[in-house]
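The data below hold one chain only, encoded as structure tokens and taken in the form predicted on its own.
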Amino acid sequence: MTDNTATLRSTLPRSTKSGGWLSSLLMRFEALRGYLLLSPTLLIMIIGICVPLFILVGMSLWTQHGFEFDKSLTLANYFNVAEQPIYKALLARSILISGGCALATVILSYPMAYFVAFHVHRHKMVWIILMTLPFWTSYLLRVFSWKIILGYNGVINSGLIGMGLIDQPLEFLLYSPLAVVITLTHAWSAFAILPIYVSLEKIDRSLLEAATDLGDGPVRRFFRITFPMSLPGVIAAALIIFIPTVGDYITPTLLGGPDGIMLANLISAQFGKVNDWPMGAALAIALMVTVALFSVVFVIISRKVTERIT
């Protein structure tokens, strides 16, 4: 009996070590197989995103003289970005316009997402398709349509004059930051509806029923349960809108006018008419870093607010 126990004890560590080594090998093999499956996507991301980014960073450290590059590394372009008031003014305007666009988009998209999540019980997918159907058309066509709507003799001004509410067309509608915010809000609203809808759809309905049983009305129930639990979708929607609209240059070019030009328009000009590619690269990197910092701060503040509410 004692010999059998000793034999079992002597063989137990070996089997344990052998099993641990085998499981570790299998885990490594599974991880390797996962990376192999992802290798085409990773390769495309490296070639399409990382390599151009490294080129942009390297070019921002050069200087341009005429049609030739001085490839000696320098931070002169970044110092120029920090010192010139025009760059700081355009950066601040871009942040304000994109922030206003994100806020307006979330405010307009939340009721639509709420209605589909809580009041539509059949054919929800049809409703979602109908909400996104206008955005299947070309982005440029939608921008030009808003130019017609907001124009000096456009739909809004013609309608107000026809009803006798105004005598002269409203000049502030077109070629202004307001026109840029309105157009971007319409263009990106579909991208805000979907994440908000998903967060609302995941809310446990039994929590709402329990709040009702405890005496909460619809408004109190919304601010105590529905809105706090849907904040992750709201935050995601705001970031989805804010990050790409900061770099938009088509809408400010067509509808912004002198007061609606954003930093992306200046970056485009640096790579085009001005022919100063290193400065354009420095402006692009500065814009990317600023947007990243704003996004991180926004996420941190939103998480703290969410923790306090919940």
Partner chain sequence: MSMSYINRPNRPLHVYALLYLAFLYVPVLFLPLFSFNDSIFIAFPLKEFTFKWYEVMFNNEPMLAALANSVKVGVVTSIVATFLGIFAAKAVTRYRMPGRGPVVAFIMLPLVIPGIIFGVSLLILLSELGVRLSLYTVTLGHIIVCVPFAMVTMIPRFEGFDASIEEASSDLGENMWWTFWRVTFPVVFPGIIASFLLCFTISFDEFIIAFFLSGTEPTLPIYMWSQLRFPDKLPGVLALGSIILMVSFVVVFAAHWIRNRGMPYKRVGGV
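Throughout, rigid core stands for the largest set of C-alpha atoms superposing within 1.5 Å between the two forms. Numbering follows the first chain given and starts at 1. Note that the coordinates shown come from a computational prediction; the quantities given were computed from them, not determined experimentally.
Just so you know, the form predicted together with its partner chain exists too; it's not on screen, but the next bit is about it.
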Within a 4.5 Å heavy atom cut-off, is S268 in contact with its partner chain in the predicted bound form?
-> yes
Wondering, does F222 line up within 4.5 Å of its partner chain in the predicted bound form on heavy atoms?
-> no
Contact test in the predicted bound form: D213 vs its partner chain, heavy atoms, 4.5 Å = yes
Heavy atom to heavy atom, is I128 within 4.5 Å of its partner chain in the predicted bound form?
-> yes
Contacts with its partner chain in the predicted bound form, stretch 37-71 (heavy atom within 4.5 Å) = L37, L38, P40, T41, L42, I44, M45, I46, I47, G48, I49, C50, V51, P52, L53, I55, L56, M59, W62, F69, K71
Take the rigid core as the frame of reference and indicate whether the C-alpha of Y35 shifts by 2 Å or more between this form and the one not shown.
-> yes
